[in-house]
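In the block that follows, a single chain appears as structure tokens, in the form predicted on its own.
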């Protein structure tokens, strides 16, 4: 499925959070939305699954205006992962992952198979974690379960709002790599919100940079590096490169391999 923002505008009182966004995510592509706080990236994401509705313009999923789709039906097509997880703390892992398939009327055996397959896909042992309650999980385990839950009903679209931002660096890196592998295996259309350009370049096919509610530039990483649209995009690229160079230099000073 494709996703299209067509001159989408969202206001909160006198503040324009998103200003006439024209942007498309192609079928099977992962697009990262990058920008600082207040740039409009999370607002743009929430317009896709109708957590918010645009004040002007439209958002289309597979050519259909999302406002013409009942919210509950839309959210069964669109998986959603966000930093605060939203797992039900007094439900087991299996109950959390199986919630949407159960609402869709899947039989118990099919749900159980799907739960176990998804836990394995996010590298958790079903025999160990399926019966645990959400509040008994580590942060990394809980985030993996959140990804599994979003994939439970085989949605063709997956939205991720800074999903790994609260995790330690090692776990974050593991989940970034696993996300790329899962996308390669399943081929869903994805939108990944992050403030970190380095993360965006790792997980996405293209990057869209937003600032103050406006789209500044969209393209592959090399395009942003070689032809930044303005000083803001150039500064994001420079910051990502400087961070990598600083790490490399510190490792070399310590006599370690970069």
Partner chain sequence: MTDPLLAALPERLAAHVALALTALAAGIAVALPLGVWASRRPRVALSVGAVAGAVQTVPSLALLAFMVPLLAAMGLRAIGYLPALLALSLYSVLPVLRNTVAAMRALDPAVLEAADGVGMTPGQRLFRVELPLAAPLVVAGVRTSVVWTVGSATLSTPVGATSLGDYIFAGLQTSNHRSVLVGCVASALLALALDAIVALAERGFVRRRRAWIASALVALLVIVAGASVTLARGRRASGRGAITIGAKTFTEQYILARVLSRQIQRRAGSEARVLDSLGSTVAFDALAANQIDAYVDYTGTLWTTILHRAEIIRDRRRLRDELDRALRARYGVRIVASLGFENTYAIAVRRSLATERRLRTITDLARESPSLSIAGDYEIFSRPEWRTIEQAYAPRFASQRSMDPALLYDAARSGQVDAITAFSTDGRIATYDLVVCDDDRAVIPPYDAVVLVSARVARERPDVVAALAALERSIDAAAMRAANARVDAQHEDPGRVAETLLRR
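Residue numbers count along the first chain shown, from 1. Since the model is a prediction, treat every value here as computed from it, not as a measurement.
The same protein also exists as the form predicted together with the partner chain; that form is not shown, yet it is the one meant from here on.
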With the partner removed from view, which of 72-80, 136-144, 122-130, 167-175 is the stretch that lies within 4.5 Å of the partner chain in the model of the complex, judged by heavy atom distances? 72-80
Within 4.5 Å of the partner chain in the model of the complex, heavy atoms considered, which of 182, 94, 151, 87? 87
Is there a heavy atom of residue 206 no more than 4.5 Å from a heavy atom of the partner chain in the model of the complex? no
Close approach of residue 51 to the partner chain in the model of the complex, 4.5 Å, heavy atom: yes
Exercise: residue 99 in contact with the partner chain in the model of the complex, heavy atom 4.5 Å: yes
In the model of the complex, is there a heavy atom of the partner chain that lies within 4.5 Å of any heavy atom of residue 109, even though the partner is absent here? no
What are the residues of 150-189, in order along the chain, with a heavy atom within 4.5 Å of the partner chain in the model of the complex? none
